[in-house]
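First, one chain by itself in structure tokens, the form predicted on its own.
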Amino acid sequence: MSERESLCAIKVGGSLLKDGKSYLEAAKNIKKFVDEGLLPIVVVSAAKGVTDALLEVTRGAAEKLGKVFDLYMGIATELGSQKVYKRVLEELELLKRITNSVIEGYDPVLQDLILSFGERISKVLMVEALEAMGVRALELNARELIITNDVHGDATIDYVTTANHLEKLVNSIISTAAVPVIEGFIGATEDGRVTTLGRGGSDYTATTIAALLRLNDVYLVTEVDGIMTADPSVIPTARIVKVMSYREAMEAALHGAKRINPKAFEPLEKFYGSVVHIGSWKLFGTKIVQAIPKEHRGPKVMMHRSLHEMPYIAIIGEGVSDTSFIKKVIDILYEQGVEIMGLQTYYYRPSIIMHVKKGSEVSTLKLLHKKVFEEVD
């Protein structure tokens, strides 16, 4: 394996980062990659709950800043480094001064700047956790490397400029053999204004880095072992989806699966088809690849949405828009006396959307999951 081939990207999700112990746990697991001869580029999210708290701060709830202060200062104290404690305190004091300028009305530029502190501080803590585990770490700055357009709150990465920045850096990363850590979710315009990439934006950061540097693997680490066939809190018999295509994963993301940002697959399709591994430190159960063989076609995920006036169930998978599968689903519903209010499917999208009567979406989801995923075994 060449030095370049040893590079991979690892995104650590905020749901895993709750206290000092969890940062050290993440660092210990990253060290396992290093011990296996890999050199991970670590993309880190804000600690759990921080982004939501900062969002409320931008809307005038200044008291929520105390929650962020307490959490991050507590983690810095747990990690035990006076240098990091002082650094985190300085960042939080700067954040406090900025939030004092929040006035009535929506200011997208100021909102993105405030939200960026969640990842900025989390990165500092992750670098310290890695050093505590004996892993030499290198702190990167997303505001200098990840260049975006000026759509605040949902920016798109400028791939050409960002690729140039990353390529200039990669040789020094390899030569120092230090694990680089960069903020997910944030970037900056060419003139230096901080932007955010939208919900799930850390996934987008990780896949962009992987695609532009032509890395073979990118790992999206969450608290669950992979993408499930349905929400396990609704369907206890839901199982892990082992393999999905980019198209399937993107479609699932559009309907809210794992809160993946749908933009995450754009750079992979445009530049380089890295394999995306989704799961926990214990098990990366789902592999997402550019294209899947014929034997892996078929339904992968079922989701329901109850927020609309007319709720719907989505079945996602390559081939589900084929006439034979649509007929199978309609036959199941007809035999069970379930009435559908509408059906949408397009040959160029791997999904079927069925609108159902309000209140019947969960029972219909359970029926379809049982018939499509369980009774075929």
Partner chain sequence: MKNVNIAVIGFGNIGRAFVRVLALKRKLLAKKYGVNINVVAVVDSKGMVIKPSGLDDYEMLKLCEVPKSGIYMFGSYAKQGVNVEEVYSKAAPNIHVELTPANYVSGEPGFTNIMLALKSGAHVVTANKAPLVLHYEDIMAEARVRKLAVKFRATVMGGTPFLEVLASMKSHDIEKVEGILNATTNYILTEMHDNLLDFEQALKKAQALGIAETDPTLDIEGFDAAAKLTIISYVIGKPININSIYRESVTKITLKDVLDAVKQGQVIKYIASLDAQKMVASVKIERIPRENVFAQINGTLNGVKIKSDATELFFIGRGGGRMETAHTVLDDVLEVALRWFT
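Since we're looking at a predicted model, the values are computed, not measured. Positions refer to the first chain, counted from 1. Under this definition, the rigid core comprises the largest set of C-alpha atoms superposing within 1.5 Å between the forms.
Below, we refer to the form predicted in complex with its partner chain, which is not included among the displayed structures.
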The unique member of Asn216, Ser101, Thr77, Ser306 whose heavy atoms fall within 4.5 Å of its partner chain in the predicted bound form: Ser101
Leu138, Ile235, Ala132, Leu166 - the one with a heavy atom within 4.5 Å of its partner chain in the predicted bound form: Leu138
Residue contact check: Val127 to its partner chain in the predicted bound form, 4.5 Å heavy atom: yes
In the predicted bound form, Leu254 touching its partner chain (heavy atom, 4.5 Å): no
Exercise: Lys270 in contact with its partner chain in the predicted bound form, heavy atom 4.5 Å: no
Its partner chain contact in the predicted bound form: Asp107, any heavy atom under 4.5 Å: yes
Joint contact, Lys83, Lys86 and Ser175 to its partner chain in the predicted bound form, by non-hydrogen atom at 4.5 Å: yes
Answer range among 108-116, 204-212, 240-248, 219-227 for contact with its partner chain, defined in the predicted bound form as heavy atoms within 4.5 Å: 108-116
Its partner chain in the predicted bound form - contacting residues of 188-203, heavy atom within 4.5 Å: Asp191
Core-aligned CA displacement of Thr162 at least 2 Å between the shown form and the other one: no
